[in-house]
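Take a look at this single chain in structure tokens; it is the form predicted alone.
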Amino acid sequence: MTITNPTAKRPKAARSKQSQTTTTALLFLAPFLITTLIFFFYAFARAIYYSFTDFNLFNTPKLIGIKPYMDVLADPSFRRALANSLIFAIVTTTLQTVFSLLMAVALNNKIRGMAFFRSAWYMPSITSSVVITLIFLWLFQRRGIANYLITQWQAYQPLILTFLGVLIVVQIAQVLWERSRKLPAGWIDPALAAVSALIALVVVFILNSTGIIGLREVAPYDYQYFADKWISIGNVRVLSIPLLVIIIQNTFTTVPTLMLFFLAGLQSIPGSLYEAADIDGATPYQKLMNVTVPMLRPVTFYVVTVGLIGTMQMFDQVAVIGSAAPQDTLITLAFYVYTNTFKNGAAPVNMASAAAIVLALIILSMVFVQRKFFVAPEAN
């Protein structure tokens, strides 16, 4: 009589089940994997190959070594695109990281109506970037909203400055009076600020009614934001005004999305850390810098990485604005690659490929460098 061990077949059955699971997973992933292989790995390999050839869309590629890279580095348009991309990436990533963190801290408070404000702040992120670009293009026209608001500020400047001056004086007087009575009062106490604002409004109304102060007669503010104008340091042109407009737009549209990552990170910080900080008498600023920021280092790394990659590849805003601004003021590396690939006639695809490889290497270098500063030591 032969006795069969029932456990002998289990390893084989387990391997069979695991193989079936792996096959099923690969079938579901097949569309994504095939797409990635074709449009990323194959395309990237072709770009590397073309960057060492004389390919111009119409000829048979022939290897010519590193000449395309030398031609790209010698091209003034590439150097301008490189400078614009680096300035845009650094400034925009810094602004959107700081503002998204501050917004997340503000919206992390548990007060009534906070869900509405979170949703409202997120709305710009789900709007098409092309639509947002067209709106900003309209806002910053010579007769756009930006120039109109500046004109109104100049006209109402006497009233506004008087209001602010009276507000500050009355607020200081109230705080000093309260403290002289041994009562706790902060410089920005909300109740005292409301009284100060009401008094300032009454004073401005009386002064305006008696003709002591009034609106100024000013000409409409006329500034061309999409002209060849630059912010310079010495004789070096650093940042163009048209690119500054795109920085403002990009910050406005990306801060809400990045805010969600910081908001999720804030939810994971133990409340006991803030309680200990309160016991030690830490101010809100000290809690932000000594508790919140260190605990969010992994999230900050992700936010900065996403920001750098997105800003270094910025293309759609420049393409939408097009000829509305001089090309040198807005050209970026991504737009440089595009224009060289789709030029009329024989396009220098080899130069476009070389520029694309340089862009990829710059992004990888920036991510590698900033990883050393933002990732927690245990994550390295």
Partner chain sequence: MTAIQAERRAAASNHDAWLSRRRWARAGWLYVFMLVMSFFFLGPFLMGLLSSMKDNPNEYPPKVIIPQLTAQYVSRAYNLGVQGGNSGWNGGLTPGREVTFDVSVRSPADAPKDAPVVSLFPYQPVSLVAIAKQAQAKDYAKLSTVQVSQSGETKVYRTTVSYPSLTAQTGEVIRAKLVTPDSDVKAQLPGGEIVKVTLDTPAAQAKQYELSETQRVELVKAGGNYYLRGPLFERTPMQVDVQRGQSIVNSTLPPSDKQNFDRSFAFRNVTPGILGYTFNNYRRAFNETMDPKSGRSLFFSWVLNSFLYAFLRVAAAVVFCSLAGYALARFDFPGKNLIFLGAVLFVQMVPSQVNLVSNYVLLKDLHLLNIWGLWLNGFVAAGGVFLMKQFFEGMPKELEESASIDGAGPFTTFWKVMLPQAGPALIALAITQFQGAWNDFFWPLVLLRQNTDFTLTVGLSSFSQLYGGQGDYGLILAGAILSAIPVIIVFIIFQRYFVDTGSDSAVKG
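Fair warning: this is a prediction, and the values are worked out from it, not measured in the lab. Positions refer to the first chain, counted from 1. The term rigid core refers to the maximal set of C-alpha atoms that superpose within 1.5 Å between the two forms.
There is another form of the same protein, the form predicted together with the partner chain; it is not shown, and what comes next is about it.
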item	value
Options 228-236, 73-81, 154-162, 301-309; stretch whose heavy atom lies within 4.5 Å of the partner chain in the model of the complex	301-309
Partner contact for residue 369 in the model of the complex: the partner chain, 4.5 angstroms, heavy atom	no
Heavy atom of residue 49 within 4.5 Å of the partner chain in the model of the complex	no
Any non-hydrogen atom of residue 143 within 4.5 angstroms of the partner chain in the model of the complex	yes
The partner chain contact at residue 134 in the model of the complex, heavy atom, 4.5 Å	yes
The partner chain in the model of the complex: contacted by all of 95, 278 and 282, heavy atom 4.5 Å	no
Listed residue (244, 204, 89, 255) with a non-hydrogen atom within 4.5 angstroms of the partner chain in the model of the complex	255
Contact assignment for the partner chain in the model of the complex, among 210, 180, 127, 272, heavy atom within 4.5 Å	127
Residues in 323-347 close to the partner chain in the model of the complex, defined by a heavy atom within 4.5 Å, in order	323, 334, 337, 338, 341, 342
Core fit, then residue 66 C-alpha moves 2 Å or more between the shown form and the other one	no
Core-aligned C-alpha movement of residue 232 between the shown form and the other one reaching 2 Å	no
Shift of residue 104 between the shown form and the other one at or above 2 Å (CA, core fit)	yes
